[in-house]
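Encoded as structure tokens, the following chain is the form predicted alone, with no partner shown.
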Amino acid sequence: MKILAKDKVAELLEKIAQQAEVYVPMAIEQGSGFYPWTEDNKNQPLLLDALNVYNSPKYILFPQTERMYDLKQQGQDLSIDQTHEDSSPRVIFGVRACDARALRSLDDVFLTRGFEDSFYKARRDNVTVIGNACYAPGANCFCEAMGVDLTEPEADVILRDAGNDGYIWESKTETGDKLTRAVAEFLNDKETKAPEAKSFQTQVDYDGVAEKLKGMFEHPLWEKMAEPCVNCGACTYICPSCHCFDIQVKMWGDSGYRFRCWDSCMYAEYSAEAGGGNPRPSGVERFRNRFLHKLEFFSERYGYSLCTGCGRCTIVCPAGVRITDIIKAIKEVDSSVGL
């Protein structure tokens, strides 16, 4: 098997960075996330040994603010002057299984069912994902319950921490094979063993929840569960798989540009209609929609939950709302009540 020595990681990143933008999990100031491997960042702590980072790699494929195209207005006519599809090669290094599953969900949303988002596709077609297998779930992790194998991130290459022996380097795709050949000088042949995965501290049973929710749209459970929620939207912005967005335009005279930016289904404006109506005017209705989307609607359309079990929303929620508690409540409730 191929082994990457831990003291060779920086050199390997330097090699890859000669041909592509490289994003790595690291700590910068008071936060952590996937940041570019640049001269300014190279001295920051790499977090390959950390369970996960605060911000997921979602923004690399789906930027928080994205300029789409420039436009010009001539009387009643509007013409597109330039599009901004970014096909620069990128490598995301050290992605945990929960975040890798989130990238798959973005692929399904933006690239399947008869429509391809050209802006997302330009990035996705030129991204190589290097996963980082987990073996010690954290206190808020529950990815296994959501159908994610923590030791098998959906990636082009998987790293497995073998302690002092280094990282086992396992190519999983043709893209991974190509990268492996490009960095062969940093990989040694050696037999070693990956660690055994530890048990999850957070236990929750998602089986049957999506089906049960089909009969719970009007259930009083939602009012009770939504009581502490302040609709701040923090959960949607920290989530690696949430993908609500808004599209707006900026004009100066007869020239301008259109851009899109992240939005949140927890905000009243998101579902507001031009005529003044709103199908989800209250916080309870927006709360219900978020969790139905996570646990039922997405599963009906794509065959798996939109929640990846990373636990970030639990960590950032100022009101103590836990999606695991909601799943448990749904499992226990009488779904015929309130119908």
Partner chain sequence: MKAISDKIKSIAAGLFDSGKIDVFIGWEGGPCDYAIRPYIARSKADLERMAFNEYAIHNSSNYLLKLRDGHEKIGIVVKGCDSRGVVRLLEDNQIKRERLYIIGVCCPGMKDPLLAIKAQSGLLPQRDCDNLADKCLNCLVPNPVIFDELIGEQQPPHMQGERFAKVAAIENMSVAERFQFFEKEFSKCIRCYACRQACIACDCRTCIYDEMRPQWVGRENSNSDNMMYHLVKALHMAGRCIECGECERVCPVGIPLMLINNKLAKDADRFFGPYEAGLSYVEGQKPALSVYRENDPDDFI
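Numbering follows the first chain given and starts at 1. Remember, it's a predicted structure, so these values are computed and weren't measured experimentally.
The same protein also exists as the form predicted together with the partner chain; that form is not shown, yet it is the one meant from here on.
Q: Of Leu78, Leu111, Val230, Met251, which one comes within 4.5 Å of the partner chain in the model of the complex, counting heavy atoms only?
A: Among Leu78, Leu111, Val230, Met251, a heavy atom within 4.5 Å of the partner chain in the model of the complex occurs only for Val230.
Q: Taking the partner chain in the model of the complex as the reference, which of Phe186, Trp169, Phe200, Tyr257 has a non-hydrogen atom within 4.5 Å?
A: If I apply the 4.5 Å criterion carefully, the residue I get is Tyr257.
Q: If the criterion is a non-hydrogen atom within 4.5 angstroms, does every one of Gln30, Leu47 and Val321 touch the partner chain in the model of the complex?
A: The answer is yes: all three residues contact the partner (heavy atom, 4.5 Å cut-off).
Q: Answer yes if any heavy atom of Val53 is within 4.5 Å of a heavy atom of the partner chain in the model of the complex; otherwise answer no.
A: Flag for Val53 set to yes.
Q: Even though the partner isn't displayed, in the model of the complex is Gly138 close enough to the partner chain, meaning a heavy atom within 4.5 Å?
A: The answer is yes: Gly138 has a heavy atom within 4.5 Å of the partner chain.
Q: Check Ala122 for me: does it contact the partner chain in the model of the complex (non-hydrogen atoms, 4.5 angstroms)?
A: Close contact is absent here: in the model of the complex, Ala122 is far from the partner chain, nothing within 4.5 Å, heavy atoms only.
Q: Would Glu269 show up as a contact with the partner chain in the model of the complex if we use heavy atoms at 4.5 Å?
A: Contact with the partner chain, yes.
Q: Among the candidate stretches 210-218, 161-169, 243-251, 192-200, which one is within 4.5 Å of the partner chain in the model of the complex when only heavy atoms are counted?
A: Residues of 243-251 come within 4.5 Å of the partner.
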